[in-house]
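Two forms of the same protein chain are encoded below as structure tokens; each is given separately, as structure 1 and structure 2.
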Structure 1
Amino acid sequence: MLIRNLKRDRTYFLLLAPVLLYYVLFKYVPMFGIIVSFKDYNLFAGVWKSDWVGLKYYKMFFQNPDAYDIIKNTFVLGIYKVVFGFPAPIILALLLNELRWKAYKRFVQTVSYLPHFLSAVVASGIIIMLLSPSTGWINHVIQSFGFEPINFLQQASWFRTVYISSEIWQEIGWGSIIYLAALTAIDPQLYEAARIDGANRWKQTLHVTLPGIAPAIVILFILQIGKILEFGFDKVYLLSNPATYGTSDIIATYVYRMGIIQGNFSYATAIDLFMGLIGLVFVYSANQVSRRLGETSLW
């Protein structure tokens, strides 16, 4: 039976083979490395000859006085990202959907997509230039209203605002693509029926457009919940400095310092694995809630 299916669908299996190979080589094989979180890993002895230490490094992290602040910073930044970053592409897609001037709509889409293709280094450089207290445009605007310039990147209280704003700027256009695609699947007759019933554009958006893209919103929200503790390490690292560690020191930067700079691979792996498990719990919980409240879920 299996061989017959393989022969029948061999073309599809061959097309799928590069994708499967990629995931096996770059996603599943590296997972073997989590074993070092249970060992006192020695780079020269290798993985198998290093001594087993059980949960030593997990306990070490929770006994670390900085652990609470690092976890809190990561969770707060993740929650901000969901609260402010997740609705932004939906709002942009709804606004673009209402535009009737197609040339202007394409222009806005193109401009909003471009920041997504910037590397973290280039994006961080632009942000640093814009926020400079002496030459940055934003501080020039602030000064034109008679206020003192703000050193955004040297004050811990401004880090979350700067980071979340930059994330929205970079991803709002790219994130709206899925919602724009979902909007095209809505039956135009529903809008016609709503107009006959006297619904204005706001009510059409509320009762036709939003329910039409609700399944896409739910699926992407569940996936976003799973990434609540994941951040682009490079941009956080580039925008932060010791003056802002109070709010900018998250698990990704801490793992980098412990694993790469200090060479404590076992400790860094234990922290990263623990956070990965929390992300898995978030995805599973969000999926269960979505399944109970509606008919849309990942599985």
Structure 2
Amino acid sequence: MLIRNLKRDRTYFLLLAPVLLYYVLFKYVPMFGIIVSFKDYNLFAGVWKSDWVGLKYYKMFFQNPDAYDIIKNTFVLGIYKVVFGFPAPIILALLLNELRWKAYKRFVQTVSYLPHFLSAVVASGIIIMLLSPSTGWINHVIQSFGFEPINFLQQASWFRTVYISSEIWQEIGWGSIIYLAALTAIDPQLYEAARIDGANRWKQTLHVTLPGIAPAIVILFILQIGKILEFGFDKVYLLSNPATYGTSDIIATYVYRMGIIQGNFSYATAIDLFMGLIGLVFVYSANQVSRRLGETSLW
């Protein structure tokens, strides 16, 4: 039976083989590479022949006074992104939905997608130049109102604001696509009924529109929670500098500096694995919740 099925499916296995090979070589082999975090990785000996050191590098991380800040920064940035970044596209979608002037609606939508396609490098470049204390346009405006210029990217206290607002700038339009699609699925008769009952537009939004897109909001929110620790290395790395490490140094950038730049492969892997496991807990629990609430899940 099994043999017969395998024979029947041989073409499909042939087509699937390169994909599976990719997953083995580039996803599963690195998972086994995690053992370098329990070894004293020696460049010349390679992974297998390096000496076992047990939990040495894990202890090293937790004895490092910076560890607390880095873990905190990672969480705070992730949470801020959900708190401030998540509602933004919903609000935009609701406002667009209330617009009666269709051509203008299409214009705002199209334009608001644009920053989403900028690469992290280009987006960060634009941000750095617009925020420059001497030549940047934003400080020029601040000065024209008679205030002192602010050196946004050299002050740790500004990093989160800059990062989160730039994320909203880049993603607000793109994120609203799904909600706008959900809005079009709402039955127009519900609005009519609400109007007959004397509901004004605010009441209609509250009692018809929001319940209508609630399932989409719940599912996307849960998915977002699952990815709370998984935000782009690129932009944080490009926007941060030693002056702002107090708030901008996250696990990913720290791992990059320790591992790739300084060559402490074992130490960096230990930190990464620790965070990977926490991330796994988040994704797994988010998926469980989503499965129970929304009957939708990733797997």
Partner chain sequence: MTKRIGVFDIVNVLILAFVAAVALFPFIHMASVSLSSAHYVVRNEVSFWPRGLQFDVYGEVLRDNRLLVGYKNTIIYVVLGTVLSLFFTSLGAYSLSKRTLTFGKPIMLFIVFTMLFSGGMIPTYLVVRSYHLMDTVWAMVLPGLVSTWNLIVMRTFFQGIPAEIEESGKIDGLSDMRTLFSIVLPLSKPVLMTIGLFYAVGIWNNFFYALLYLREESLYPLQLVIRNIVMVGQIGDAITSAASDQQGIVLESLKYAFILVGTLPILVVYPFIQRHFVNGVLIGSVKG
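Just so you know, these numbers come straight off a predicted model, no measurement behind them. The first residue in the sequence of structure 1 is number 1, and each one after it adds one. C-alpha atoms forming the largest set that superposes within 1.5 Å between two forms make up the rigid core.
Asks: Which one here is the form predicted alone?
Replies: That would be structure 1.
Asks: Can you tell me which of 253, 272, 170, 131 is located at the hinge, considering how the rigid parts move between structure 1 and structure 2?
Replies: The hinge between the moving rigid parts is marked by 253.
Asks: Name the rotation angle of the smaller rigid part against the larger part between structure 1 and structure 2, given in degrees.
Replies: Value for the rigid-body rotation reads 14 degrees.
Asks: In Å, how large is the C-alpha displacement of residue 42 between structure 1 and structure 2 after the rigid core is aligned?
Replies: C-alpha shift for residue 42: 5.2 Å.
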